[in-house]
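Okay, here we've got a single chain as structure tokens, the form predicted alone, with questions on binding and movement later.
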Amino acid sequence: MATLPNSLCLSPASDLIVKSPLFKSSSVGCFFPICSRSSVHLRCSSTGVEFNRNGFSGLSSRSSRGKIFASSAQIMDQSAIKTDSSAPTIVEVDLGDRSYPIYIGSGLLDQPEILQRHVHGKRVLIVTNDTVAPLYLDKVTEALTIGNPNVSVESVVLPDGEKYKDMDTLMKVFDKAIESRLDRRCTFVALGGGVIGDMCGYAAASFLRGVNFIQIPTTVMAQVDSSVGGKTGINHRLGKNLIGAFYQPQCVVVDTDTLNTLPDRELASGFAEVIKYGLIRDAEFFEWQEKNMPSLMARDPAALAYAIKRSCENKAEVVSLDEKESGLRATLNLGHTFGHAIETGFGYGQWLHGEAVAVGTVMAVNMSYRLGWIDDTIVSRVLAILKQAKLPTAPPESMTVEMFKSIMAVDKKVADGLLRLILLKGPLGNCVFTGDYDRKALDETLRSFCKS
């Protein structure tokens, strides 16, 4: 597969330039149909690839075997979102024969047919934690078994927290699966937040070399981001999410009622990922967030349903285009390189993932401004919306420049020793994934946020 080794530029503007040595011919013209309703004209040369298209909001692109694919992301009318439990909203993750639905709605755990249609064998293992289990384990067990006596359900309850996202804790899942004599037709069910989803997914990818699994995310963070797209794994003491696999679920069931029991700090943490989508590819969604953050913080059902659905649409589209992060999908990691360094350096679980990503986003935006790639209005708007969401905007005082640099050096986006970053460039909703930047800007950004 052809990839963009150093630079990928994504923009909803009418003209998009992606610099990449993908084509060796002097100049060719290509014409591709897009989504069966529009088209993109592509002109390739030895120095770049140029897209021209009209009438779209949120162009996305990727390269595959020398071809360029693009599709559009349209902003939705919030009034169209259903908040009753009668029929879920469905967002499809299009991956060919591995495609799957994301069900979004209120009271979905009280609709057993949703879960049962995605269980193909007779054995189920629910993986959850000691915070979520007392709240929802019995409900999910009933949903899997009511009117379905042939299915038996086992469960394993893990300790809650990022600091337990490790190999020792993962072994508890394998222990339970093996002791229960589960076979290859079994289904694992992840019931919890991002940590549980990542660990359960990785266990499913590994057990008997792969069994089916279902995601039931119970935090905003997991509902808008981590449960979608098949990234699974565990942490290593030297870096976050360095051990894992891409492994897609059978479905994702987002019951928005589970957010009623979510602590305020966890709720706010998840909004860091929601804000990210607006910054990198969906300016209209960001503007909607600026107007509606008070409603989100107040847990308004309609606002939450809209934010979750719009986030899932953005994530699903990117994953459909670039499942294994050859270029486009990396842009979903805005702020994560700095944020993961904070989580690793400060200690897993000391800060929530979204809190670290919020600070990482501020640092990425600061660096983008130092490079002259964005204007100061974007900087101020990012700070304002994060403060509205009651998220931090500066790293812990214990973080030093050297800590950032040493941890970022083993980041998954490093290629051939080159640290590639996701930065904003141009008007709101534009970003680049690149290793082509002035290193002085990175040094200046780190020094401006660290005391030593």
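Numbers follow the displayed sequence, beginning with 1. The model shown is predicted, which means the values in this text are computed figures rather than measured ones.
The same protein also exists as the form predicted in complex with a further copy of the same chain; that form is not shown, yet it is the one meant from here on.
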**Request:** Using heavy atoms only and a 4.5 Å cut-off, decide whether all three of Ala87, Ala303 and Arg310 touch a further copy of the same chain in the predicted complex.
**Result:** no
**Fill in**
Checking Ile146, Met297, Leu135, Ile243 against a further copy of the same chain in the predicted complex, the residue with a non-hydrogen atom inside 4.5 angstroms turns out to be Ile243
**Asked** Any idea which of 106-114, 166-174, 365-373, 253-261 reaches within 4.5 Å of a further copy of the same chain in the predicted complex, heavy atoms considered?
**Response** 166-174
**Message:** Considering non-hydrogen atoms and a 4.5 Å limit, does a further copy of the same chain approach Thr232 in the predicted complex?
**Reply:** yes
**Message:** Using a 4.5 angstroms cut-off on non-hydrogen atoms, would Leu208 count as touching a further copy of the same chain in the predicted complex?
**Reply:** yes
**Asked** Using heavy atoms and a 4.5 Å limit, would one call Lys412 a contact residue for a further copy of the same chain in the predicted complex?
**Response** yes
**Item:** Touches a further copy of the same chain in the predicted complex: Tyr202 (any heavy atom, 4.5 Å)
**Value:** yes
**Interface residues of 413-436 toward a further copy of the same chain, as seen in the predicted complex [heavy atoms, 4.5 Å]** = Val414, Ala415, Asp416, Gly417, Arg420
